[in-house]
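Okay, so here's just one chain, in structure tokens, the form predicted on its own.
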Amino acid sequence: MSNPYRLWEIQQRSNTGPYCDEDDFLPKIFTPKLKGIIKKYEIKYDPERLIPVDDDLADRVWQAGWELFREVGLYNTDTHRIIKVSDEEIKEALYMASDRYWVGAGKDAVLWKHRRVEDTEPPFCLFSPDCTCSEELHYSMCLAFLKEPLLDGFCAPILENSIGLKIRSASPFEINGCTQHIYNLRLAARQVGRPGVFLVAVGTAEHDSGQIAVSNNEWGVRTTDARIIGTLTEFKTADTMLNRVVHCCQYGCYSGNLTGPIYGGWCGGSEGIAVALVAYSLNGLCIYGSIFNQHFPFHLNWGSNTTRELLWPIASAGQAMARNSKLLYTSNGFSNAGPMTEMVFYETACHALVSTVTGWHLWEMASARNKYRNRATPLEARIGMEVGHAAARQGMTRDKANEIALKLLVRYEDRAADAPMGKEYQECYDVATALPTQEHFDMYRRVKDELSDMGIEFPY
């Protein structure tokens, strides 16, 4: 079942909910409430313990996230109203939610299921370069990612130009770019023999008009695919987002709720990020009607989430949701380093390991903090997915994963602020064949051997 929760009753609250000036919402409502909840539930970050094994802490993080969502709701910047949901409604939505969905089509359809803490079922692997891409490289990059055997779903790079013209949001150029994006993606999937593969599309659409324009089962985004609908940081939405919510529900495709709580911003520190991740997931279920939540918490200064102050809330929130809900949620990695550096491989492996053993599915990898055009390749994502599969298959415990993660942190954590940018896709891959260069593959293989020596039992 993937019906939205009380679609129009919830949407109407954009017009009838409590009025609030936008400048007051975060400093006067959100942050004070979050601080009080963290204190009430005694949530405390431990920098020496990346992966907590305290189940009671996980349950308190769940309760805190629930209370935060119920108390602050979701602010609509267009109507200046707060959409609020009651305890009873949250319980009803959680009861009605499914713990599994078939996504994709035909022989390429995949069953996506809720995971538990220390689950021996491998995570669902959503590959994504999470970067902008030159028009002339877009198709090759799609091919390269879609060739990856562990890929369960794919979100393609974002076009900046289409037919040589700059894409401008909410303009005809955006609709044109979105059309080119999905055509490239669908053709690449067919050429590699995966025509029904699950797609999360299209990232080129910044505005609702671009997203709606490519809804078409014949040539565009299908009802077996998904869209990502963002929640504005922190806990805000807008009519352009809610338009997409209604469109996805009525068109019949899946949707995911995209959130990026900021460490060092209105959420405060690690404790606030953990609580916010749970609250955002309830928002995705109750207000956006999404079947999954995609979370990329990140550091205000660095723009990454592979250092300990972000890994701890990822581990804590993952366990909170795994123990107390049936929800699906993906952990979206943001590394400091760029492609063809050992550092990006270490970062991705650590992020994937921590996420996997604490109940998450994987969305890898935003290399070089996703700030630079063409700086992503499938190999850094591949190593993360292989770590996820290995950790699950061997039944790795939180204690063992914590031990390995701390060893990995030593190799890169002190370089977070000045991480190497690495190289662009066309320097790491043969554009014509969409295959990695020997230099790039050899580096990946060396790091994988190191990970094996640390105790990750790769099946191949």
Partner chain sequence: MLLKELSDAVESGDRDRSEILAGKLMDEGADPLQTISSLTEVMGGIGERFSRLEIFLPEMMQSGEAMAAAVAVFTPKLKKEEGGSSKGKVVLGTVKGDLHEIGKNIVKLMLEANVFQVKDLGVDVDPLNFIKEAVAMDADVIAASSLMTTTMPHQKEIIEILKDKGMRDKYKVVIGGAPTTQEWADEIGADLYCPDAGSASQKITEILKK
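The shown structure was predicted, so the numbers you read here are calculated from the model rather than taken from an experiment. Residue numbers count along the first chain shown, from 1.
The discussion below concerns the form predicted together with the partner chain, not included here.
- Although the partner chain is omitted here, in the model of the complex none of Ser98, Thr358 and Ala392 has a heavy atom within 4.5 Å of it.
- The closest non-hydrogen atom of Glu386 lies beyond 4.5 Å of the partner chain in the model of the complex.
- The partner chain in the model of the complex is not approached by Arg411, whose heavy atoms all lie more than 4.5 angstroms from it.
- A residue is said to contact a partner when one of its heavy atoms sits within 4.5 Å of a partner heavy atom; Gln63 fails this definition for the partner chain in the model of the complex, lying far away.
- Though the partner is left out of this view, Met396 does not reach within 4.5 Å of the partner chain in the model of the complex, counting heavy atoms only.
- From the list 27 to 35, 402 to 410, 426 to 434, 64 to 72, the contact stretch for the partner chain in the model of the complex under a 4.5 Å heavy atom rule is 27 to 35.
- Listed residues Arg382, His114, His299, Arg186 were compared with the partner chain in the model of the complex; His299 is the one with a heavy atom within 4.5 Å.
- A heavy atom within 4.5 Å of the partner chain in the model of the complex is found for exactly one of Val245, Ile228, Ile167, Leu143: Ile167.
- Interface residues of 116 to 133, taken as those with a heavy atom within 4.5 Å of the partner chain in the model of the complex (partner not displayed), are limited to Thr132.
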